[in-house]
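This document opens with one chain alone, in structure tokens, the form predicted alone.
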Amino acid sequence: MSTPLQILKEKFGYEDFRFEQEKIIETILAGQDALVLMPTGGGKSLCYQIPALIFDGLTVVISPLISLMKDQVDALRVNGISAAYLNSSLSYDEQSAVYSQLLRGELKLLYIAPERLFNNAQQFISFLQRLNVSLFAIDEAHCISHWGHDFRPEYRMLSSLKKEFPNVPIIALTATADRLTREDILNKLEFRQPNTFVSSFNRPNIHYFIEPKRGYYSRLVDYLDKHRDDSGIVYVLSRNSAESLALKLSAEGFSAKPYHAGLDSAKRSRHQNLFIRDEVKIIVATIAFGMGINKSNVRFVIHADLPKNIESYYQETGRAGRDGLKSDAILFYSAGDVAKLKGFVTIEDNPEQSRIMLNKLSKMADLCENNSCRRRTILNYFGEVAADNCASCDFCLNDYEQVDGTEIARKALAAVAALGNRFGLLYTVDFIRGSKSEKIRDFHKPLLEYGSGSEFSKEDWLGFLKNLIGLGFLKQIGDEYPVLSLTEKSQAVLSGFEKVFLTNIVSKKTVSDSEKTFEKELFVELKNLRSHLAHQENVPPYIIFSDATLLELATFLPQNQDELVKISGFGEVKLAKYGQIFLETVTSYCQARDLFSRISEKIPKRFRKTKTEKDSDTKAVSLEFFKSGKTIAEIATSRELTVQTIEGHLAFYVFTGSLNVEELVSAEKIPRITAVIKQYGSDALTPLKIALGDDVSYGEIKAVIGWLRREGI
């Protein structure tokens, strides 16, 4: 019998497990239930697909969307794995053929929707009880919970699975669930002695940016213009917005289509397929689009409207960069969106659920308005500790200064006092600015504080008030309609005894454009080849290979089959089917440019000979120069060596302990670099560099690798 690691390599073409995949698989093989939280793109599906290939019987995968089922089954079949789905997209004859395969024991995985399990007096349950079912896998498991961000009533039926199949293990998987949702999932599924696996929610390759919404369209167009060759999703709140924005972008010359629940199913399906197959670059969509979308080369996700909660935001932004390469998540924020969404999240005749949903919306607004690292705020929300500075979000990429905001604070506090501590943020801002809106009550307009801050914009005042809340000079009271109130600290400011310093953006840090060592022209050739093969086989291009696999080919330039097998994504079936044609493209490119294999830079751990690196005179000289205060560039120039060589010397001394890693890498970057190294391994630098982006140098990556090896991590 093959081991999980052998199947990972032979069927899927990967050398090592990521996150807690191996422990999860061992738990399932031992016949135990498991709840798995793993970030989008982290490899959740392997946690049940590998056990499915080891178990004797059938693995039944419960999945919420037809498109997701087809996507997963196509990917499995390309890897030579027998899988099928049953849903309304199949004809009667096609469904009969699947039933026949099941009765003959020819399938290892079957994908179905939750409602099929228990409809028609549980006929399908009775049918499954005639088969040898080894495992149930529930994908998008947060849908079973009332507290989940995408609750689906049909998922409630899954609570009886344990009664019908008491001896069959269940694995429930999701990318997004806070503690309340996790507990609800476990209770609903009636897990016995459940094993819960929570991987890091951090997606280090996604860079987060939140910008004011006012005048956002021109900035959106500027961004899309710079990324015309990339695939991306633009999320909006309404169907009309999806239609109108897609039309405007198409008129600007962009390849864009709308997607929303108001389109007929054929049109929705056509637009989604065009996007998945790279024939359309941009989908402008409502939240109707995206759950389970497995397209690995989405390079950006843009929110033109505010998501209802951080879970939705995390899941939607997580559709970018599933291949691990650098991707952007951009949100255009307006406080007006918060007020608009309150009506959407309030649930009639259910005050408790309304309170929780409004609190989630408030946390989403805090993420946008607070002056702190976006990544840390997201990770803290899910109960994960994070560094103060991720060096890859708009807050951490800005320079800030403390400015005297005492006069601004006095105006704000005086306005709150004049309003009797009885009004919320938006009303207070309109009052301070002297808004002519009918919402402003007539008896407030004669007050001295009315219009006292008209020189600043609405967005400015919202920022000021949030700043004052963070500093403890104001507080918000209440859940559904929170009001602003003074605090014990307020009086000292109003009396002129205390100054207030507010945080102000000075400038954005410049991000250097480091040279990348992959062959860009070859990367384009490989993508064109992939598209051609995908068209022939009628599957999305990323089903053939991900961008990450093509990037490795364009980086390490394998010259023969032995070298090609060391590229991630080349399992036995894909190697036999596609290996030669991709190899010929790489070798032809190299011959025309006199390039040679770089595969020695990517030797998997299990093939690498153990070798202890030793100190040497040349390294010692570099260390001595560095200790004397010379920069790496100065050392390289004076010694007539490359910067990369000096960086290697110093990284060695981080490994030996002669240098502290923070002498070479700023403390705030270390957690992010560490997360990427843990995700991809340390065998090759280029994929790490691309995942981390231009603000992290090769030298910094080498230094952190040295430190991790010293610490035995």
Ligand code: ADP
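In this text, residue numbers run from 1 along the sequence as written. All of these numbers come straight from a predicted model, not from anything done at the bench.
The next section is about a form of this same protein that is not shown, the form predicted together with the named molecule.
The single contact residue among Pro39, Pro51, Pro687, Pro671, judged by any heavy atom lying within 4.5 Å of the named molecule in the predicted complex, is Pro39. Scanning Val61, Leu46, Val654, Ala34 against the named molecule in the predicted complex with a 4.5 Å heavy atom cut-off leaves one residue, Leu46. The named molecule in the predicted complex is not approached by Lys9, whose heavy atoms all lie more than 4.5 angstroms from it. The closest heavy atom approach of Tyr698 to the named molecule in the predicted complex falls outside 4.5 Å. Among heavy atoms of Lys602, none comes within 4.5 Å of the named molecule in the predicted complex.
At least one heavy atom of Asp16 is located within 4.5 Å of the named molecule in the predicted complex. Contacts of stretch 302 to 330 with the named molecule in the predicted complex, defined by any heavy atom lying within 4.5 Å, are made by Arg322 alone.
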